[in-house]
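Two forms, one chain: they're shown below as structure tokens, one block per form, named structure 1 and structure 2.
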Structure 1
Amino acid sequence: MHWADVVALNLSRRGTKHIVSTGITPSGEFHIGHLREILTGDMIARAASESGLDVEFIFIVDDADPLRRVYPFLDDEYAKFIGHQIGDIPAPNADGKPDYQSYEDNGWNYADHFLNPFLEALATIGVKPRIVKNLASYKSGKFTECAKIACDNSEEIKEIIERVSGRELPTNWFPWSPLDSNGSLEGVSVTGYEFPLVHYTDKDGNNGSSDLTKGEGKLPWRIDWPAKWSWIGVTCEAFGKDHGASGGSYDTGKEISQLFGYDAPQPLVYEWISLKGKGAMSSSSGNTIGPMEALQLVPPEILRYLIAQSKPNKAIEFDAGMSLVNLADDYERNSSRDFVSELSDETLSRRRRVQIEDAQGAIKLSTIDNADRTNNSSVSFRHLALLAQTKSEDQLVWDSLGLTKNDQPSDLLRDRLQKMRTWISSEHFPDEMKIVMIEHIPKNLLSELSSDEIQVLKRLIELLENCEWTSESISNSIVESAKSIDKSPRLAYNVSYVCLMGSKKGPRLAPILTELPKINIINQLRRCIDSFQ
């Protein structure tokens, strides 16, 4: 069974109606690392629904959280908003400065500025959860009952956090963080409480009161989280390994949730997605690749497959170069498999059967809106990359694929070609895939050729002139040019790369040459051999 099906099976043992939840604080640009959380939740919800359960998938936006510091992408003017809730401060403009005008005119706030593009990306990859905004929930009184229970039992909650987490809380700690008169949560000390008011002194020595029923403040995270489980009715939640660590916020949340009269949801702890060679992705540090950026490069199914094909407890190392190529290769290979026939083999070992079922589940959960889009295009990811580099016009690509004017490419294939061209022109396109055909004479490299290599070049020209212009024939000609003087084919490939690409190595040569005019290739090789005259 796929990991999402295992979670769905466990949920079925707890009942038939479920709410699967994920949540993120929109403190900066969203990145592919955030997709792991929300896609994990989406896949659980989809698997549970397909198993017959009544499931709702929600995405909690933690916009009641404060701005914690001036991040590198923000202007220093944001220093005055440190401690203010990100759903209640202006969004940054293109220069990183607070956009007061948009905030005053239409309420365009910091949280929505980063949230909305992410929601657009989610829709593109088939994720359409119910959105729950924390700040609005506080202000509308959704947290009131849990906040009252927490404040009424402050010492008991303090004991739970200290015992389970192993950390000591300040003597004046209180399970409610009031907003001061300027809207900041920072530097505010609680001085007293009688429901619904929490009395405080702010950092300037001013006294005031915070009304729980109006959401004039918030619960600290370790209490806020189980409170949401309670009033929303969450039965399953995916979250990062930091929250799932021993003594972490899930462990304390399980006990605090009991005070609210609610059982903690079934957890699913996931590992981080890191950028290859750069470590864990971070919105605040700028070490990211955004979902929208990635969706401009590859079909959405491949991004879903990134999450679906890895067990949640397995770390993922990602980049938008060869990692993406290899991921697409794996996706296409598994998309073309006949899983039903494979699984009908009664001699399969248990381990092999599990591997096949995992691959089958990953492909199924990679589809968009359960639609079968895997076979809408027969051209592979790698071949499309080749065509996009060797054919400057789209029609030339369609001609190469054998598509006539009466058999035009699908919208899906057109979109894939556009994404491929965008990827090729971006900084992410891997050097290993780049095709650079030269028309000049690479004198420096040619001067390094041995007499054997020059002899191979002469023979190669003869063979290519007389071969059928197919990948197999070209490949055979390159190999034969070396064998004709009892040399390794590697010698012939080295000569070919030097003359045609101006380098000593490159991508698979024969498939590239088939997409280029034969006469151009022969002429370039002749220019090189003529330089020795």
Structure 2
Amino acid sequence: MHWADVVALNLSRRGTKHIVSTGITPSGEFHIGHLREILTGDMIARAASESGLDVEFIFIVDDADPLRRVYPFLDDEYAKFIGHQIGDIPAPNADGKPDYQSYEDNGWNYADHFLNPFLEALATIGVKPRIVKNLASYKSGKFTECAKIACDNSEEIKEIIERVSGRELPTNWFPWSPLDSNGSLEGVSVTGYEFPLVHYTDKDGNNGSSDLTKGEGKLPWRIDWPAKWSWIGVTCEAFGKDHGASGGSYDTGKEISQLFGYDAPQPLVYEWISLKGKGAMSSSSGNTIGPMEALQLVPPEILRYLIAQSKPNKAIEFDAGMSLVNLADDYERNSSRDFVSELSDETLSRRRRVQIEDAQGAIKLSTIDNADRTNNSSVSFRHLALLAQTKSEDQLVWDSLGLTKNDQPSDLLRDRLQKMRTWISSEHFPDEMKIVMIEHIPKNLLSELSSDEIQVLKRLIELLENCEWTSESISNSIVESAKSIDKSPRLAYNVSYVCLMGSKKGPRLAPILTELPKINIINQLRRCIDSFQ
């Protein structure tokens, strides 16, 4: 059974109505890692819905969180916004400076600046969660009830956190962080509480009061999280292993949630995605691949498949080179399988059955809509990579695929070719996928040529010299050269690849040769014979 179905099964034991939640703080550029959070939740929701449960999927945007520090992509001017809520400060412009104009004109804030492109990417990828913005929720009083309970029971909450997490909290700790008169959450000490006001002294020594019914502050994370479960009614949440560690925020949240009269949601802890050879993704170090960037390279199904095919507790190593090629290959291979007939085999071992079911589940969860987008473009990922490299004009690609002028390619196929071209010209396209015609043949390969092969090669040169430089005639020449000494065409192909590309195998040769000058090819073959003798 696929992991998402297992979670769905667990949920069905708990009830029929569910809210699956995810949440991210938009403090910088989003990357592929964030996609795991959202897609894990989306897949659970989809599987649950599939199994007949009434389920809603939400994405909580933690835009009430403060700016922690001036990140490398920000101008020093942001220093004055440290401690301010990211949904309430201006977004950076291209130079990293605060864009006050847009902020005043239409409220374009820091959080939205990073969030909105991510939401667009999500839409492309088939994820349409209900968005819950934390800052607005505080301001409209959604947190009031839980905030009151927390403040009324501050000692008990403090005890839970200290006992479960094993860390000591300062004596003046209080389960509400007030905003000071400048809008900062930092350096503010609570001096008293009488609902709905929390009294404080800010870092400059000014006294004031924060009304928790109006969101003039926020709950610290370890209380904020269970409070959200409670007022939203979250029954299932996928979260990163940082929150899932023993003594982490899920453990404390579970107990705090009881104070709010709410049972903690079904948890699902997932591992991180790291960039191959470079460690964990991090927006601040620039060690990242964004969802938008990845979507320019491959179809969205592939990104879903990246998450679907791997169990959540498995770390994923990712890069936009060979990893992506292998992933796409794997996806294509599996999506063309007939799972139903495979599973109808009664003699399957339990292990084998599980393996097939998991692949089936992963493919199912990778499709964008119910519409089947993959089967109507029969060209494989590798083949398209080949065509895109050898055909400069799109029409030549369509010709090669056997599409006539009357039978034009689908938009989907056009889009895939466009992406492939983008990828090929990007830094990410792996060397081993590149088609390279060699100029000097490795001596060891040449010395392995048999006398039959040399004979075929000689014959091939003659045939090529006299043939029309078209794909068909070149093909015929190659085949003919082998037949001339009663050998399989394979022999002729092998020797051609060795001489032209330096390996015994290669992509369909004739169409590539038509793109190159005839004389160069013939000279190259001649040089091979010369250096052999």
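This is a predicted model, so every value here is computed, not measured. Start at 1 and count along the sequence of structure 1; that gives the residue numbers used here. Just so we're on the same page, rigid core means the largest C-alpha set that superposes within 1.5 Å between forms.
Structure number of the form predicted on its own: Form predicted on its own: structure 1.
query: Using the core for the fit, does the CA position of T514 change by 2 Å or more between structures 1 and 2?
result: Moves: yes, 2 Å or greater.
query: Rigid core fitted, then: does E357 show a CA shift of 2 angstroms or greater between structures 1 and 2?
result: It does not reach a 2 Å shift.
- prompt: What turn in degrees does the smaller rigid part make against its larger partner between structures 1 and 2?
  reply: Turning angle of the smaller piece versus the larger: 51 degrees.
message: Rigid core superposed, I'd like the Cα shift of E465 between structures 1 and 2 in Å.
response: Core-aligned C-alpha shift comes out at 7.3 Å.
task: Can you read me the CA shift for K487 between structures 1 and 2, rigid core superposed, in Å?
output: Its C-alpha moves by 16.4 Å once the cores are overlaid.
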